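Taking the form predicted alone, here's one chain by itself in C-alpha cells.
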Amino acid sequence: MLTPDLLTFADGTPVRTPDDWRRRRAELAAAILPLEYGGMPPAPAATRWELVSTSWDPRIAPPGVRYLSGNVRVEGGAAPFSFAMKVWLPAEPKDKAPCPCVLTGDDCWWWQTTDMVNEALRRGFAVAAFNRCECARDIFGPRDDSKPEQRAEGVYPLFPGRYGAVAAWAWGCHRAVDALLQIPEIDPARIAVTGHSRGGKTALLAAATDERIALCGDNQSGCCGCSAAKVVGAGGETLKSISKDWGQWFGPELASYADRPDELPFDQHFLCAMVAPRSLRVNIGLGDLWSNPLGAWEVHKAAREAWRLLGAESALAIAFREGPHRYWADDWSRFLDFCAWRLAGGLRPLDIDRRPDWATA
C-alpha cells in the first residue's frame, strides 16, 4: 500500500466526508506541489484569445469543420508573453449547442495525428492543440539553477519562481483553458486534457490543479506522473534516473530524494486523487517497462479510495494494453470512448480495470 494514506489527515484523524476531503485535498497539494514541481506559476491578471486566421485546414476531412488559429495572450506579468494555439471545431450541430473539447499540449510532438483529430471531429468533439515548449524549454539533464540561460525563455521571465518545466507546461494548459472559455462553440463544462509521456505528466498536473478541467486522459506518463516512486517494477524509471536526466522538469529539492524515495512525504496517488471526483483515465502499455506499469497500478489502487469516498468510482479508469511507449490511434479511440461516456453520454469505456497477471484486487 502506498503511503501516506489518502484518507487520513496529517494530524492522524480520518477523512470521512466530502467536506473533509476538500480539506484533505488542500493538504495533498501542499505536500506534493512545492517539493515535486517547485510550485505553480501564478494565474495572470488576464488571458486573451486573439484569433488570427479561420482559413481552411486541408488535412482535416469531415465536411463543415471550422479551423481557428490564434494566440493565447497573457497579461499582468513582468514581461509580455503569448503562445500559439489552434482549434478545430466540428460541423455545427443542428441545435447549435456548444461541444466538448479535447485539449493537448503535445503539438510539439504531434501525437494526435490528422486521422486522430478527424475521428474526434466526426464524434462531435472540438480539438485544441498548443506547443507546451513555448511555455518552457525541454532541457535534458539535471536541474542546474546556476545556469540562468536554462530559465531565460517562456514563462520564467513573466513570473520568476522555483517551478520546473512540468509546472510551466501545466500552467500553459490552464491559460489554454482560459482561451477556450472565450470561444462560444466550446462547452466550458466539458473540457478534457490529454497528453503522452511528459505530455501526460503535464495533463495530469494541469487537471489536478484546475477544477475547470472535467476529464484527464493520461497516456503513459510514468515516473512523477501516474506511476509510483516508491514501487518500481523491473525495468522501470526511478526517481534517481529522472532527476539525473530530466531534472529541469521538477522543483529544485526533488533530486535530494533520488536515493531515498521511500522518505518522500507523498507519492503519485496524491496527485491523481486531486482530480477526484472529476474523471481520470490512465492508459499504460505493458511492454513499456520504463513507464512502470506496476507502479501505475499501485497508484490507481491507492487513489481510487478518494473516488469511492466521493461516490464517483465510475469516473476513474485504468487501461492496460500490450505494446510499447506510444500514443496509438487505438489508445486515442478508447480515450474518446471514455470522454463520450463521461462528457457526452451514450458510450462506456471498453477496458476498465483489466488487471495484468501480477496485479491484485
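Throughout, we count residues from 1 along the sequence that is shown. As the structure is a computational prediction, the values presented were derived from the model and not from experiment.
Just so you know, the form predicted together with alpha-D-glucopyranuronic acid (GCU) exists too; it's not on screen, but the next bit is about it.
**Student:** Trp290 near alpha-D-glucopyranuronic acid (GCU) in the model of the complex, any heavy atom under 4.5 Å?
**Tutor:** Answer yes; at least one heavy atom of Trp290 falls within 4.5 Å of alpha-D-glucopyranuronic acid (GCU) in the model of the complex.
**Student:** Should Ser279 be classed as touching alpha-D-glucopyranuronic acid (GCU) in the model of the complex when contacts are defined as heavy atoms within 4.5 Å?
**Tutor:** Looking in the model of the complex, residue contacts with alpha-D-glucopyranuronic acid (GCU) do not include Ser279, since no heavy atom lies within 4.5 Å.
**Student:** If you check in the model of the complex, is Ser197 within 4.5 Å of alpha-D-glucopyranuronic acid (GCU), heavy atoms only?
**Tutor:** Ser197 belongs to the contact set for alpha-D-glucopyranuronic acid (GCU).
**Student:** Using a 4.5 angstroms cut-off on non-hydrogen atoms, would Phe159 count as touching alpha-D-glucopyranuronic acid (GCU) in the model of the complex?
**Tutor:** Looking in the model of the complex, residue contacts with alpha-D-glucopyranuronic acid (GCU) do not include Phe159, since no heavy atom lies within 4.5 Å.
**Student:** Counting any non-hydrogen atom inside 4.5 Å, which residue from Lys301, Arg59, Arg48, His325 sits next to alpha-D-glucopyranuronic acid (GCU) in the model of the complex?
**Tutor:** Filtering the options by heavy-atom distance leaves His325.
**Student:** Which of Phe125, Phe130, Phe270, Trp249 has a heavy atom within 4.5 Å of alpha-D-glucopyranuronic acid (GCU) in the model of the complex?
**Tutor:** Residue within 4.5 Å of the partner: Trp249.
**Student:** Within 4.5 Å of alpha-D-glucopyranuronic acid (GCU) in the model of the complex, counting heavy atoms only, one of 71 to 79, 96 to 104, 198 to 206, 182 to 190 shows up; tell me which.
**Tutor:** Of the options given, it is 198 to 206.
**Student:** For the stretch 222 to 240, return the residues whose heavy atoms include at least one within 4.5 Å of alpha-D-glucopyranuronic acid (GCU) in the model of the complex, in the order they occur.
**Tutor:** Heavy-atom contacts to alpha-D-glucopyranuronic acid (GCU) in the model of the complex: only Glu237.
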